[in-house]
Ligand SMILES: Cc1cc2nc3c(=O)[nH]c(=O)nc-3n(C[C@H](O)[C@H](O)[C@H](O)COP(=O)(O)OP(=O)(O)OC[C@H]3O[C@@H](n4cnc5c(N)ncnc54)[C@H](O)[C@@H]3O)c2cc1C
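Taking the form predicted alone, here's one chain by itself in structure tokens.
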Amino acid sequence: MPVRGKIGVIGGGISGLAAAYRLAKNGHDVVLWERNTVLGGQAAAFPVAGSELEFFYHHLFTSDADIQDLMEELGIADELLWLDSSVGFFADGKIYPLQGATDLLQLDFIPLHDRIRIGLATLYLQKKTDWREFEQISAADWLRTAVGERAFDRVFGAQLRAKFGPRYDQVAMVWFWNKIHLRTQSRKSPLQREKLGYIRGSWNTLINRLGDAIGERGGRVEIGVGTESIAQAEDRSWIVQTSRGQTVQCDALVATTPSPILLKLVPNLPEWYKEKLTSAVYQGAVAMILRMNQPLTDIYWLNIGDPSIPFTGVIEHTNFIDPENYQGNHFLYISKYLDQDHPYLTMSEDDLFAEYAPYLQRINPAFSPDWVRERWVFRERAAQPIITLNYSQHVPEHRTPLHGLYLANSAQIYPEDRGTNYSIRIGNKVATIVQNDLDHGYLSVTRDSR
């Protein structure tokens, strides 16, 4: 018979919710603490125009099996919509559609033979299934060799610099390979438009259902409750002090915080594990959302290939999801990845919009700030880790060196890039590890937790 225990989960993002759900489903006494006033982490949504919209843009690929399986299990599979997507590239004052392989030949800001080299390199990466050969070379070095300096500088290099800034040449080719390979899975043929997934009503449809499912199985979800400190007792159970002054004893803890937060909570981790936690360099992210009375472009996902433009991409949500779902309003994300000390992380909303507006006019000369009816800015200092060379050697184990303490965060998503599907996968995985440790006696239950 499976062993049951009392298990705490720190963090109510997607991975924390998935882990708590699995553990509660297995009969454990589960409590989840989320410091913020909403669940879901970067996937959470807020109410707008009769619906809800994510703080940070989200979609799914057809290959995202873990989230599809979970939605089926939770009885909300019918809420997942598969819709045609559109992708573009902005360079030299022009938007170039990138719907399929043939569109590469239309990138007339580089010579034809460069476009052919880009096409061949893309096709090669689409066919590759073994990522390990890309671990020991940077994306910049591999792509320069594959497509030439000029094509790299204008296309792939421009995108790497826009996303990673001064660290663009430190990113392993594994990361870039995954981007190309993943997108291939969302097309049945190179000539077909990409299908992407979106959850009807926003990701909150899944987030709220997960929270309810945890409660239905006897677990507790405490929103607006932070974890102030954790300490290991003599019997190797864990003592948690919450921001509400509670003291909670658990047989095991699953932390889903960014690695630097875990280090602050548990400074006595062994040095070798600390080195793995500190090896991940996190990027911050800023997303400005504009509610407008008309679209900026007819493209959903517009990559920026102009180095003078101070943002990474323009994602027009209502070029993907019909504006009628939002009372006819048009919603646009302006995305920027940045270093931890970048001024955009603290700049006022008004100043940030004033910074961006002239560049929106460059994308569409007809744009006027009068189009904007409302705006919001959301920021995340630990949005995602940068995938560097030989990253697999630095991924921290889910089972930490301290008895009964487990970790599940975005730094452990590899070789895939971070995303809700893989957050669910690591939540499922860490729950399985905890259960196995209990079943095999590696993790002890110190009392009757029921």
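Predicted, not measured: the structure shown is a model, and the values here were computed from it. For every residue, the number given is its place in the sequence shown, counted from 1.
Omitted from view is the form predicted in complex with the named molecule, to which the following refers.
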| remark: Assert contact_stretch over 386-394, 419-427, 399-407, 22-30 against the named molecule in the predicted bound form, heavy atom within 4.5 Å, equals 419-427
| request: Would you kindly say which of I180, V248, L345, V225 lies with a heavy atom within 4.5 Å of the named molecule in the predicted bound form? | output: V225
| Taking the named molecule in the predicted bound form as the reference, which of L290, A285, L352, L277 has a non-hydrogen atom within 4.5 Å? | A285
| said: When the named molecule is placed as it is in the predicted bound form, are G11, G16 and F56 each within 4.5 Å of it, taking any non-hydrogen atom of the residue? | reply: yes
| query | So in the predicted bound form, does any heavy atom of A43 sit within 4.5 Å of the named molecule? | reply | yes
| request: Using a 4.5 Å heavy atom cut-off, state whether T257 contacts the named molecule in the predicted bound form. | output: yes
| query | Using heavy atoms and a 4.5 Å limit, would one call L81 a contact residue for the named molecule in the predicted bound form? | reply | no
| message | Contact with the named molecule in the predicted bound form for N36, defined as at least one heavy atom pair within 4.5 Å: yes or no? | response | yes
